[in-house]
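Form predicted on its own, single chain, as structure tokens, below.
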Amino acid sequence: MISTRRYRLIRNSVFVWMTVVITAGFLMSIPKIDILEHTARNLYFHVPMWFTMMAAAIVSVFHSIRHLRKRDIESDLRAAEAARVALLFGFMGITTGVVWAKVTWYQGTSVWWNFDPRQTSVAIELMVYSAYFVLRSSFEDSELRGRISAAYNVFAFTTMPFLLYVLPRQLDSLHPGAEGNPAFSEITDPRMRLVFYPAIIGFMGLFWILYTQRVRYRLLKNSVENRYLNDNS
């Protein structure tokens, strides 16, 4: 476990980094993009959230595989907390996407959701990972819960590349990079990448902060509970 002093240093650095990124995102000029206009600035938030969700899922499945090999409680705990934060960024990503679509593609209409292939595949992926926590809550035995949820987590992760990348690119969609549409990099100015790539790093830093806090909390909680049980046994 990382020391408290180093954790605080990294946490504060991430906060400063994100402050600079957000400030630059709103103040830097951007090119005029058809339909998107200034809402294109959402690129600095919406897309990095998806990258962060995928990074969190990688951390989660890594610890699930480790738990299947070693059967240690901490690996199961870390897998669950990484998946929890992955879901958080996933829900924030889909929320910013729905709002973005409303003020661009569906402006002047009552439409908020039209089952665009990427929207639908993302919603399915979030349900797949939500089921992971439903599954975990179904077992009282910690060892059985760890093994079964770890195996399911591996399955859930294998669906991610297909649902978030492969399938949406093969179907007609309003999203850039889909069938018949250019990739976002082809319709955006290189200046936007000066904020976009640091934003990805910053959001992953936020994941690390939240993940580390959750793991610290869970380990401390387990330690207190075990001490209480030992004192009363």
Partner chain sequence: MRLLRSAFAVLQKDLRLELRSRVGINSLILFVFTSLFIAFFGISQQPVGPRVEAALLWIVVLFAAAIGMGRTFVAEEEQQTSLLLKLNASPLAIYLGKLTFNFILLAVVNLLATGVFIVLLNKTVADPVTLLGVVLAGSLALAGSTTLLSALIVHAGGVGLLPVLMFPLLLPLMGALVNATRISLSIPPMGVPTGVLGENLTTIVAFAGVTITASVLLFDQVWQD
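Residue numbers count along the first chain shown, from 1. In this text, all values refer to a predicted model and were calculated from it rather than measured experimentally.
Below, we refer to the form predicted together with the partner chain, which is not included among the displayed structures.
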Any of the heavy atoms of Val111 lying within 4.5 Å of the partner chain in the predicted bound form?
no
With a 4.5 Å heavy atom cut-off, would you call Val154 a contact of the partner chain in the predicted bound form?
yes
Counting only non-hydrogen atoms and a 4.5 angstroms cut-off, does Lys102 reach the partner chain in the predicted bound form?
no
Find out whether any non-hydrogen atom of Thr96 is located within 4.5 angstroms of the partner chain in the predicted bound form, and reply yes or no.
no
Which residue, Met28, Leu167, Ile58, Leu194, has a heavy atom that falls within 4.5 Å of the partner chain in the predicted bound form?
Leu167
Tell me which of 86-94, 72-80, 155-163, 103-111 has residues with heavy atoms within 4.5 angstroms of the partner chain in the predicted bound form?
155-163
The partner chain in the predicted bound form: within 4.5 Å of a heavy atom of each of Leu68, Leu135 and Arg147?
yes
Which residues, if any, of 127-142 lie within 4.5 Å of the partner chain in the predicted bound form when only heavy atoms count?
Met127, Val128, Ala131, Val134, Leu135, Ser138, Phe139
